[in-house]
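The chain below stands alone and is given as structure tokens, in the form predicted on its own.
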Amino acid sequence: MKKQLEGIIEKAAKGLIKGKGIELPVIVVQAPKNRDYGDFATNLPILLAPLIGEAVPKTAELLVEQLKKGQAANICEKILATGGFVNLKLTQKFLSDHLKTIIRLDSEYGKSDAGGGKKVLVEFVSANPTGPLHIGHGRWAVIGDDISSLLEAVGFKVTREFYVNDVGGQIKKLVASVLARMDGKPVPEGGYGGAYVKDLAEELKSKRGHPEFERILLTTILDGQKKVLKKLDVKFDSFFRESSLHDEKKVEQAVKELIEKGHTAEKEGALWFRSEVLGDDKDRVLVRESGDTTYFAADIAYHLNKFERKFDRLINVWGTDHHGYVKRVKVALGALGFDPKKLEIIIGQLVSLWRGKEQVRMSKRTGEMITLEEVVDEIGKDATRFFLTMASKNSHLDFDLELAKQQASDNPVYYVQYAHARICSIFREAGHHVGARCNAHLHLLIDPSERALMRALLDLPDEMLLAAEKREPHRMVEYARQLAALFHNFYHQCRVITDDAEITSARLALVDAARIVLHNVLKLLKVTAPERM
């Protein structure tokens, strides 16, 4: 809807600047904070006034005149200038017709083809296969999965990928730690000492001495991670192993190419990437004095592989401990002739677990770090996904386990799911009235709570597109919460099933549209839309 209005406003504004050689400012349409002003508003007069040499209020009035001459007059019952803003209020007929569109499109409502089928690779989680996933991994898993789902919903072709870091010093320490446990010896210094290591030692004792013991061990851990991700309904199209880059000499090739392009230097017995002169804060080691390539060198080779697979866009969701890698990876790609702007890196922020006012740091079962699996098993997939999506990807998240388990309106996921269940209960009660909604007299929906709900249902396509463009799935959670609040208010203000058949059918149509939108949002977030609670 916003895009449609922006086009209408642009056409009207061009009438004001015709022949003046003026370039129009960017037109932005938003919902006004005070809904008494209207359904949408634009601040274009503030930006346009100095360009046409008029006062801001006068510019707003001139824009209103132009809008009333065009398409806006057909869909808006009011077009008003308020200071530097132009406010638009949609007609009842437009809102009513849109309800019919929602019901007709059903599960397709909200989707678009804005992405044009472009290929996007989203890499997320990518936890080292050295232990169980923690709640931070869970947040990045859910956010990465939600971003992927949003991109698919607006017309992109998405591949979800998990990068398996199965090479390097941490893997050697893990193997040594498990073998030490098998022998009843202390874990080596810097090794892994968690209870899960003891469990692995017991489980794989019969495999000791196997020529591929390391691979068996890492596969066992990765299978455990996959199991937990499955509980969260997070599925990957591919698991890309770092070891394959070494096996196929891709890391060596990437280093060789940097050498040939003159971007390296030998210092202190090691080979360095001269990244500082290209904008990084310092040079980076590619090959250690020992002759071993670094994780960074493998990272370059991995991203070259991504580009070779001809994706239009690369998106990485990394943990907060990878913040320092962003610049160096982009600089390396640029040095090798690739467009670093095609690579987008999202840095996931930390999660703190709470039980009410008490922070949870350790698992009661093991006395160690609480795992993602323990959280999912305690509160369920729906609450875990919903809560992990609630905050902006750029913000720290406080996750209250006790709140997530409450069956009360204070629990946001319960509140939204209850709205959907309540709608389903209305239709169970409606019985023979249900079929009548198809020919409902929607002009009867004039109560303020009805109009507010109708207006909110209009926003789903805009919200989905904006959330996809900004990679902000938390916007969908907030939209669902606001929509649920509007529905609950409508439910308390207006009786749906009445003695008046026409009012009943009209309200059932509105309720059905609300059901469709809530269901579509929850499905996008991979949260259950229950019919009974």
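Bear in mind that the values here come from a model prediction, so they are computed numbers and not experimental data. Rigid core here is just the name for the largest C-alpha set that superposes within 1.5 Å across the two forms. When you see a residue number, it is the position in the sequence shown, counting from 1.
The next section is about a form of this same protein that is not shown, the form predicted in complex with the RNA.
Colleague: Among the candidate stretches 206 to 214, 288 to 296, 145 to 153, 98 to 106, which one is within 4.5 Å of the RNA in the predicted bound form when only heavy atoms are counted?
Modeller: It is the stretch 288 to 296.
Colleague: Although the RNA is absent from this view, report whether Asp398 comes within 4.5 Å of it in the predicted bound form, heavy atoms only.
Modeller: Yes, contact at 4.5 Å.
Colleague: Is Lys310 part of the interface with the RNA in the predicted bound form - any heavy atom within 4.5 Å?
Modeller: Judged by the heavy-atom cut-off of 4.5 Å, Lys310 is well away from the RNA in the predicted bound form.
Colleague: Verify the contact flag for Ile52: yes if a non-hydrogen atom of it lies within 4.5 Å of a non-hydrogen atom of the RNA in the predicted bound form, no if not.
Modeller: No - in the predicted bound form, heavy atoms of Ile52 and the RNA never come within 4.5 Å of each other.
Colleague: Taking heavy atoms only, is Glu242 within 4.5 angstroms of the RNA in the predicted bound form?
Modeller: Within the cut-off, so yes.
Colleague: So, a 4.5 angstroms cut-off on heavy atom distances: do all three of Thr82, Ala391 and Cys494 pass it with respect to the RNA in the predicted bound form?
Modeller: Yes.
Colleague: If the cut-off is 4.5 angstroms on heavy atoms, which of these, Lys341, Lys267, Lys78, Lys230, is the one near the RNA in the predicted bound form?
Modeller: Comparing distances to the RNA in the predicted bound form, the residue within 4.5 Å is Lys267.
Colleague: By the heavy atom within 4.5 Å rule, which residue out of Tyr196, Phe94, Tyr414, Phe236 makes contact with the RNA in the predicted bound form?
Modeller: Of the listed residues, the single hit is Tyr414.
Colleague: Going by heavy atoms, what in 297 to 325 lies within 4.5 angstroms of the RNA in the predicted bound form?
Modeller: Heavy-atom contacts within 4.5 Å come from Thr320, Asp321, His322, His323, Gly324, Tyr325.
Colleague: Once the core is aligned, does Gly356 move its Cα by at least 2 Å between this form and the one not shown?
Modeller: True for Gly356: a C-alpha shift of 2 Å or more.
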